[in-house]
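Take a look at this one chain, the form predicted on its own, written out in structure tokens.
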């Protein structure tokens, strides 16, 4: 069943009063809605466009629950206890995702294959090894180093100086997972209104909040804003969040059918993969293990251009020179989002709940933080998320349009070129 077949698309809202109004119908919003509905709450989800059209279905499907900062960096900034608890919550979130898929019978090709991260320099390899040592002290983590002399057992490339494997990471088909999550929310009684932009949210003495949309108004006791990298730049209700959240576009390509034998020759361990480049690149076999999916930063805003396709093709050829002439069958864009801390965050402002800032790892964090946000909103969370706290800092001279991204990407590209020079000399 397609997402639009389970959502309300009339010219009016399906209800005028609910316990919870969720803005945004991605992983975060649906997870929050499902959690609240199973607590006996009435729930309406409003999305400005088609349900699931954002990054929830436009990602690479790597279920990492990754934290942008390594354990050592977090320990220096916040202390060891905080770092340990953050990474421990990642284990809990990944296990909860697997349990949810099994319990709901969502066939999304979830495979806990592990992830290999390749080091771009010997210095990066040493840093990865230190991080693995720190993570292995935390229950649930299992990782090991792979020296350069043995990396062909993981990936058939000479581009890396070894790397590390984290066994608890896996991957799935994000579109199939989204469909399963959407159907679970529908069965729980959640109502949906697609193509329903929210214009403003005001305090209502009777209900708590009154939400004004282009299809009318609705009162809600609680509101969760789950728009993340699709908050936009114009509507009044989103200003508080968009001044604290930077959308960054990712572009993803999928090769032509290479065949299962060739995929196994290139990626013997059939894991998820990444690297230590400043302009991060992630790649994996597709769930049917016949193609390669690769993602990196985008040069575009709305649709993939030839420039982006060529850039991703060069990234693939750097890993596997024999694939330089391979055709790209599919290419698409999706927004991820960062705040200044580069940590996922749950916070409140003006009695409105927010969950956002997954820094490219929303396949795990978005669903988990949506669930935790709904539990906390209704006072039913026995163990609040470690990511709950004060709102992220507002970014000066910024209101949702990331005018500085090109300069940041250029600086990252220069760092990577320097790494490439060091690689060539080794």
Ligand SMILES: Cc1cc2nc3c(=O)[nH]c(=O)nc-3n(C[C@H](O)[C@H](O)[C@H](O)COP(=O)(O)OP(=O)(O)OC[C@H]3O[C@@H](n4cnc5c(N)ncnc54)[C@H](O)[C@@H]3O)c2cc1C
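Keep in mind that what you see is a predicted model, and the values were worked out from it rather than measured. Numbering follows the first chain given and starts at 1.
Although it is not shown, the form predicted in complex with this ligand is what the next lines describe.
Trainee: Counting only heavy atoms and a 4.5 Å cut-off, does this ligand in the model of the complex sit next to every one of 85, 344 and 373?
Mentor: Not a single residue of the candidate spot has a heavy atom within 4.5 Å of this ligand in the model of the complex.
Trainee: Among 45 to 53, 32 to 40, 373 to 381, 386 to 394, which stretch has residues with heavy atoms no more than 4.5 Å from this ligand in the model of the complex?
Mentor: Selected range: 45 to 53.
Trainee: Counting non-hydrogen atoms within 4.5 angstroms of this ligand in the model of the complex, say which of 250, 275, 151, 131 makes the cut.
Mentor: None of the other options qualify; the answer is 250.
Trainee: Answer with yes or no whether residue 182 is in contact with this ligand in the model of the complex, where contact means some heavy atom within 4.5 Å.
Mentor: Although this ligand is absent here, residue 182 would stay clear of it in the model of the complex, with no heavy atoms inside 4.5 Å.
Trainee: Does at least one non-hydrogen atom of residue 175 fall within 4.5 angstroms of this ligand in the model of the complex?
Mentor: Judged by the heavy-atom cut-off of 4.5 Å, residue 175 is well away from this ligand in the model of the complex.
Trainee: Is residue 186 close to this ligand in the model of the complex, meaning a heavy atom pair under 4.5 Å apart or at it?
Mentor: Although this ligand is absent here, residue 186 would stay clear of it in the model of the complex, with no heavy atoms inside 4.5 Å.
Trainee: Indicate whether this ligand has at least one heavy atom within 4.5 Å of a heavy atom of residue 197 in the model of the complex.
Mentor: Because a heavy atom of residue 197 falls inside 4.5 Å of this ligand in the model of the complex, the answer is yes.
Trainee: Judged by heavy atom distances of 4.5 Å or less, which residues of 17 to 52 approach this ligand in the model of the complex?
Mentor: 23, 24, 25, 26, 27, 28, 29, 46, 47, 48, 49 sit within 4.5 Å of the partner.
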